[in-house]
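Single chain ahead, written as C-alpha cells, the form predicted on its own.
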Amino acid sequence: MDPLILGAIVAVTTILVLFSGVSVALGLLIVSAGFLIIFDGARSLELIPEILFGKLDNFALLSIPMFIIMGASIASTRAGADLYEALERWLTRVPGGLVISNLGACALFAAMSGSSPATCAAIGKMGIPEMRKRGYPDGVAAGSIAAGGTLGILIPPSVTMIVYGIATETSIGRLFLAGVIPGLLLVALFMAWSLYSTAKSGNTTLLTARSYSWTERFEILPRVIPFIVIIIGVLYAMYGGIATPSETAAVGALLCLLIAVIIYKLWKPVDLWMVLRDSTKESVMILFIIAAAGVFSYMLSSLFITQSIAAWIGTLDVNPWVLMLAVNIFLLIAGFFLPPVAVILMAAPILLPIITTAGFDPIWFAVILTINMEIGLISPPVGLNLYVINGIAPDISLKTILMGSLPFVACMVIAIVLLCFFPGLATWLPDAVMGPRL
C-alpha cells in the first residue's frame, strides 16, 4: 500500500480511537500495535516493550516531575493570592491597574507553576470577584484570567517546551529562552486589549482603585520575592552553565517545597502527601504519553509514513507560508480536542520533517505550536480553562466566559502573525545567550 494512503488511514484511525474515550497513551499504543501486527506481523510486538522503556531512558525526562513538583508546591499555598495582592498594591495608581495586576499575576504565577488550570484557579479566586466588585465587565474579568492562565505553557520553565525538546531532540535551554519574548508579547497584547475594553465601557470608576500606604506595599513583598528569586535562580543556573535543566529543576523543586513549608506553614504530612501524590499522578500520565508516542513514532517510521510525507512535501511546488498556514490550522483543530502534550508528541514526528524541509526553524516553530496550544485551552469544546473559570464563578455563564475569551484568542493570532513576520522575536534571545546554532 502507498505510504501516503496508509498515513491517511493511520490518521483517521487514531482520531476515531481517541474520540472513543480511551486515554491518549493507551490509544496510541492500540493504534501502533494494530498497524504493526497488520503490516509487520505479530513478532513486531516484541519490540514494543524495548521502545517503551527506551523512550523513557532519557536523563532530561527527570526535569518533568521536578518542575511539576515545583508548580504543585506553589499551587498548594497562598502564593497566587499574595502575588495578586502585591501587584495590586503596587499598580493601584496605574490606569486600569487591577486588570493589569491580574494579568501580571497570571504571567508570574504561570511561570512558577507551569500549569494553566492552577494559574486560573489561584489568581481567579481573588481577581475575578475583585474586578466584578469594582464594576469591570464580566467578560473582561473572566476572559483575562482564562487567557492569562495559558501563559504557563509558554513562559519558562515550561513542561510543554520540555516535551517538545525531547520529542524533537531540540535543546531545552534554547526552547525556554525562545518563549520569553513571545510570552511577554502576549502579556502586553492581553493588557492592551483589557485596557481598551475597559475604557470602551465608558465607566471611569473602573480605572480607579483604593489607595495603599507604602507600609502596606512593602509588607507583602517578603511572601512573593522568594518565589521570584527561585525562578531567576533556576534560569541563571541553567544558562550560566552551572547545572543541567534536570539538576536545576530538582533544586528548584526542593526550594519551592522548603518555602511552602517555612513561609506558608505547609508542614502537615497530609498536605505534603497531597502535593507529592498529585505531582506523581501528573508526571506518570505525561511520561506514559511520551513512551506511547515513542512507539507511535516507531510505527510511522517503520511503515515509511514519516519519510514519505517529508519527501512528498519536498516535491510540492507550494509557497512555504501556505504550507505553514495549513499546519497552523491543523494545530488549532487538534488543540480544540487534545491536551498540548498529546498534540506535540503525536504531531512532532510528522510535522518536524515538513517544517525543516520547508526551511522553517524548529525553535521558532516550537513557539508557534505552543501558542496554538494556548488557544486550545480557551476554546470549546474542551477549553479546560473556560471550565475552571466557570467553576470559580458559576454565576458567570459559560457563554459570557467564552465571549470574553475570544478577543484574547485574537491577540494570540496576532502574536503568531507577528512571529511569522519577525521570527527573531523567538530566535534572537537563544542565539544571544547561547550562541548561534551550527
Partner chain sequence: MAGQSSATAARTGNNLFLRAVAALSTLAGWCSAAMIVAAVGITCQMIFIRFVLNGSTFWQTEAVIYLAIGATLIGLPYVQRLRGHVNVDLVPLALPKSARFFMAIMTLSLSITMVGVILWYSYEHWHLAYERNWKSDTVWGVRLWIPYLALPVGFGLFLLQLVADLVAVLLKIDQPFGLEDT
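Numbering follows the first chain given and starts at 1. Keep in mind the model is a prediction, meaning the values are calculated, not measured. Between two forms, the rigid core is defined as the largest C-alpha subset superposing within 1.5 Å.
Missing here is the form predicted in complex with its partner chain; even so, the following discussion is about that form.
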Can you check whether F337 is within 4.5 Å of its partner chain in the model of the complex, heavy atom basis?
-> yes
So in the model of the complex, does F19 come within 4.5 Å of its partner chain, heavy atom to heavy atom?
-> yes
Is R217 close enough to its partner chain in the model of the complex to count, meaning some heavy atom within 4.5 Å?
-> no
May I ask you to state whether V24 is within 4.5 Å of its partner chain in the model of the complex, using heavy atom distances?
-> yes
Just one stretch in 321-329, 268-276, 140-148, 180-188 has heavy atoms within 4.5 Å of its partner chain in the model of the complex, so which one is it?
-> 268-276
Let me know the one among I69, C411, I371, L377 whose heavy atoms come within 4.5 Å of its partner chain in the model of the complex, would you?
-> I69
Name the residue from E247, E85, D361, E130 that puts a heavy atom within 4.5 Å of its partner chain in the model of the complex.
-> E247
Which residues within 37-58 place at least one heavy atom within 4.5 Å of its partner chain in the model of the complex?
-> A42, L45, E46, I48, P49, E50, L52, F53, L56, D57, N58
Does the distance between the two CA positions of I69 reach 2 Å or more between the shown form and the other one, the core being superposed?
-> no
With both forms fit on the core, is the shift of the CA atom of I401 between the shown form and the other one 2 Å or larger?
-> yes
Answer yes if the CA of L272 moves 2 Å or more between the shown form and the other one after aligning the rigid core, and no otherwise.
-> no
